[in-house]
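So this first bit is one chain, no partners, the form predicted on its own, shown in structure tokens.
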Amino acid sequence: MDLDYILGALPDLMKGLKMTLMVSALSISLSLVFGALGAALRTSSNALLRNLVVGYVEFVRGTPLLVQIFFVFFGLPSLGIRFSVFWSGVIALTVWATAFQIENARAGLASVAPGIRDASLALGLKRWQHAILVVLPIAARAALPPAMNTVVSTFKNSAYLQTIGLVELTFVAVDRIAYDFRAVEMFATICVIYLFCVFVLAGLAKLVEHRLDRPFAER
């Protein structure tokens, strides 16, 4: 293991990591928003909307992420819809992650016992107060662990975007290997970088989970 070579490659790898973090942050944020909206539609009384969301979730979960990335980047231009490499990556990752976040949020909503609604009404809470003050904290607490698993998977799956030419962390490593033939150093280094980022995400998730658990622990 040549440490001097790794240190020399770090500036390029950090540029790739910056791109990885940008595309992951956007995809994760959008998927959380769309996931919550999708879960609301998934649990609505409108059968058409419910079935549309179910069809979307099943389609995305039943097809490989790599195929979805290729469809967005190579398929949509043939239909007259073009995006840059960066936005193609964001869209593909968001579409993939949203399907899983919908199910995570739906599971959270399902964890709220029906009797709690009656208790809220008995206490005089309005429907919006019941939704925000009662349902949301309970559902978020239940949905957080699976949602964070999807967040971590979204971050790691950003490596697939090297296949469409996005200059993210894995792309930079593979590109240097093509020139320097130092596969061991490069793959070992990006593994450490990915692990570090995942540990940071896991730490943040534990902090949020602890915060959400605090009111229940006090009771």
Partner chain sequence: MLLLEFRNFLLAGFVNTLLLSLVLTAGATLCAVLFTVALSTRSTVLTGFVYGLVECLRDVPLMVTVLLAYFVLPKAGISLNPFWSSALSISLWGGANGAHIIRAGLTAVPKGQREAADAFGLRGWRKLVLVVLPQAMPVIIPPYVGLVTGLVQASSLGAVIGVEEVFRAGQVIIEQTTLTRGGSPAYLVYGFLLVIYFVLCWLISLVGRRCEQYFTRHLTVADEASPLPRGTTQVVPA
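Quantities reported herein were computed from a predicted structural model and do not represent experimental measurements. Positions refer to the first chain, counted from 1.
One more form of this protein exists, namely the form predicted together with its partner chain; it is left out here, but the text below deals with it.
Thinking of its partner chain in the predicted bound form, which stretch from 101-109, 129-137, 87-95, 74-82 has heavy atoms inside 4.5 Å of it?
Going through the listed ranges, the match is 74-82.
Would you say all of Lys156, Ala183 and Cys191 touch its partner chain in the predicted bound form, counting a heavy atom within 4.5 Å as a touch?
Yes, the whole trio is in contact, each within 4.5 Å by some heavy atom.
Considering Ser29, Asn51, Ser44, Thr63, which brings a non-hydrogen atom within 4.5 Å of its partner chain in the predicted bound form?
Among Ser29, Asn51, Ser44, Thr63, a heavy atom within 4.5 Å of its partner chain in the predicted bound form occurs only for Thr63.
Report yes if any heavy atom of Ile177 sits within 4.5 Å of a heavy atom of its partner chain in the predicted bound form; otherwise report no.
Ile177: yes, in contact with its partner chain in the predicted bound form.
How about Val33: is it within 4.5 Å of its partner chain in the predicted bound form, going by heavy atoms?
Val33: no contact with its partner chain in the predicted bound form.
Is the gap between Val198 and its partner chain in the predicted bound form 4.5 Å or less for some heavy atom pair?
Contact check for Val198: yes, within 4.5 Å of its partner chain in the predicted bound form.
Using heavy atoms and a 4.5 Å limit, would one call Val67 a contact residue for its partner chain in the predicted bound form?
Within the cut-off, so yes.
Only counting heavy atoms and a 4.5 Å limit, does any residue of 90-113 reach its partner chain in the predicted bound form, and if so which ones?
Nothing in the stretch sits within 4.5 Å of the partner.
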